[in-house]
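So this first bit is one chain, no partners, the form predicted alone, shown in structure tokens.
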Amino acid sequence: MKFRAKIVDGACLNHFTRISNMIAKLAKTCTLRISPDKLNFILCDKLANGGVSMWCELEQENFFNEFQMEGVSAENNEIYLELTSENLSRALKTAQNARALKIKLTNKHFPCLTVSVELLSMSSSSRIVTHDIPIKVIPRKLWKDLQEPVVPDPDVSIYLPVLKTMKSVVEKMKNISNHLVIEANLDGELNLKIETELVCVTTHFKDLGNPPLASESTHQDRNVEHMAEVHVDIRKLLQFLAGQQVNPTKALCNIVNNKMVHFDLLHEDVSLQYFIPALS
């Protein structure tokens, strides 16, 4: 197994740093899947256990100037590593305004992802800061649990409002209740609701729009005003919203009635899928 990659473009470096910050906010530990053309950050708390799942995908050619890898074998040309997300994010924080960033799989008494940051210095020579991030190599037999989640057909698919606005609403609601109802229809309406014995609070978002496919194919006979809903743990929703530092290019919410909510975001050229199961 071999892996080494290098970024020398400042914009790509900053974008990669932003992604690693987002991952650190979304998942304490994650799996990094390295394949010849893609990197994936994966979180797979089994939905059956009430855990969230995440699948983040970036095309390596959009980020790296050099990229070499050799997987476990010729027919399984992939590498799966488990790491603490915060360690990667911390290492990359030193890379802002750096001249270059190198990432490499090494073995220093234990397997590491070694991140070397070449910093500009006042003189012509450069300074190199190195971080060794401990990793666990995931054996081939466990890969099957780390594949892209299958998305069931949603009852409603709707574009999300500005995520910052949504976050501030949910933050206020968190003080009142531990869970919340997300409901939406095919008429561009999305509601965030909490109901306790003492109080019922609803925030309405209107005219958000629905992606064309969802409204046409599966729901020709459906009442567009009919709401699909899902009860979720408010902290899990807030964790997802807190991870979004920049408003994405595209943000979709797919609701499978009383089963789960699936967020599908596109940040320039990075796609993020995040699944929160319904509370039983």
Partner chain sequence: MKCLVTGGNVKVLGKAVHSLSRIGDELYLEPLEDGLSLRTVNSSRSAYACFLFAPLFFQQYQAATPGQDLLRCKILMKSFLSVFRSLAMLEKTVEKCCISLNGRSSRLVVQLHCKFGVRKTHNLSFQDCESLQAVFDPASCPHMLRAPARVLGEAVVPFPPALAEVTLGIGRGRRVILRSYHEEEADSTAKAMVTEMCLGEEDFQQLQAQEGVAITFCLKEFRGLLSFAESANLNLSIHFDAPGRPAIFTIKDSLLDGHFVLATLSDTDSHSQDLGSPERHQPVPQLQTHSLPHPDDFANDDIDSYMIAMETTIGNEGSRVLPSISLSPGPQPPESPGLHSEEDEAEPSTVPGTPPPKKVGTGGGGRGGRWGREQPPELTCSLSSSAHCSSAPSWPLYAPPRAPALCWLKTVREKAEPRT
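Positions refer to the first chain, counted from 1. Please read all numbers here as calculations on a predicted model, not as lab measurements.
Another form exists, predicted in complex with its partner chain; not displayed. Remarks below refer to it.
Between 35, 68, 65, 245, only one gets a heavy atom within 4.5 angstroms of its partner chain in the predicted complex; which residue is that? Contact residue from the list: 68.
148, 132, 171, 195 - the one with a heavy atom within 4.5 Å of its partner chain in the predicted complex: Selected residue: 132.
Given the stretches 161-169, 202-210, 177-185, 135-143, which is the single one in contact with its partner chain in the predicted complex, using a heavy atom cutoff of 4.5 Å? Result of the contact check: 135-143.
Going by a heavy atom distance of 4.5 Å, is residue 96 a contact of its partner chain in the predicted complex? No, residue 96 sits far enough from its partner chain in the predicted complex that none of its heavy atoms falls within 4.5 Å.
Taking its partner chain as it sits in the predicted complex, is residue 126 near enough to touch it, meaning that at least one heavy atom pair lies within 4.5 angstroms? Yes, residue 126 is a contact residue.
Exercise: residue 191 in contact with its partner chain in the predicted complex, heavy atom 4.5 Å: No.
4.5 angstroms heavy atom contact with its partner chain in the predicted complex for residue 1: Heavy-atom contact with its partner chain at 4.5 Å: present for residue 1.
Could you tell me if all three of 72, 107 and 119 have a heavy atom no more than 4.5 Å from its partner chain in the predicted complex? Per the other structure, all of 72, 107 and 119 touch its partner chain.
In the predicted complex: members of 76-90 within 4.5 Å of its partner chain, any heavy atom: Stretch hits, in order: 87, 90.
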